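As structure tokens, one chain now follows by itself in the form predicted on its own.
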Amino acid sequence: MSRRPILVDCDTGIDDALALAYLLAEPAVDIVGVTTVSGNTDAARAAANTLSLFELAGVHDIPVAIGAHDFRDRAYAGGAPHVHGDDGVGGIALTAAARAHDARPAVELIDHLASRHPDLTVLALGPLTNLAAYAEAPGVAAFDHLVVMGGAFAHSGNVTAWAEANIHNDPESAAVVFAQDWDTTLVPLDVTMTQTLDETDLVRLEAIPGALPQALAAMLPLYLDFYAGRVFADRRCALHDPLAAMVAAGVLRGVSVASGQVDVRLERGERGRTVSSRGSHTQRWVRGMEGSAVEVLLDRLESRDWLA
């Protein structure tokens, strides 16, 4: 079987690192490129983190391009050091990679790879700033599918009562992306908060030989510390980006899936909120700006052990 080509657009923090490691090990996919955006850390640091992780994995041929530093309508004001550390990867001081980032702008790299791979899946793990720029760039190639980790519907937000971090950071870009006539799957907090990694999983990860698994194991304690007592009663963390990566790889499908339109609220009080088109308690149908349909995973997924 041919491997599914995936371009990852990310803000390489701890869960992005887990997602990249999973995709490198998943035989069903081929990471053909990475573009970075500010979010968990700034876009340049995210690229440096990605290159270092690839070097630990012995991977030297995946282009990594730096994307937008600032968001669509506001300047980037810093990442989430309390969650991901000052460097985005738990403060473990990754060694700088020997190779440099790709000199092309993110939009140019996406266009190049979409032209080479008509079946390209784009996996967006951070704010949608680069993808909004791509949507508005003239003459760029179409890609096959977009998977977005972001949003919250029946679940509460993780930045405000309503908003999930990736959407909240740049809701204007999210609104542009969700209005496109793209085949899009949204993986929101409704499902990512049900998929967790705990102390037992960390011990299993520590037992896996290799520089990359050991680096992941070293950065995870900070992430677990953030979640413990704040979000979960015990010491466990949500697997936001790894879950979206498994969806993009085609190895997971939602048990409960809605197809509709996604509307992103831009007003100050509800900034970044993703809302449904109907006032139902389940919010299984969601509404967008101009008729674009988005597949949204709103319930549990078929389980699979990401460490297997």
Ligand code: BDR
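One-based numbering along the sequence shown. Here the structure is a predicted model, which is why all the values come from computation and not from measurement.
Heads up, the form predicted together with this ligand isn't pictured, but that's what we're talking about next.
- Looking at 55 to 63, 29 to 37, 239 to 247, 261 to 269, the stretch with residues near this ligand in the predicted bound form, meaning non-hydrogen atoms within 4.5 angstroms, turns out to be 239 to 247.
- A heavy atom within 4.5 Å of this ligand in the predicted bound form is found for exactly one of L202, L113, V107, A165: A165.
- For the candidate spot formed by A47, D102 and N130, no residue has a non-hydrogen atom within 4.5 angstroms of this ligand in the predicted bound form.
- At the 4.5 Å threshold, heavy atoms of N158 reach this ligand in the predicted bound form.
- Heavy atoms of L120 never reach within 4.5 Å of this ligand in the predicted bound form, leaving it off the interface.
- Contact annotation: M149 falls within 4.5 Å of this ligand in the predicted bound form, judged by heavy atom distances.
- Heavy atoms of M219 never reach within 4.5 Å of this ligand in the predicted bound form, leaving it off the interface.
- Heavy atoms closer than or equal to 4.5 Å to this ligand in the predicted bound form belong, across 11 to 44, to the residues D11, D15, D16, N40, ordered by sequence position.
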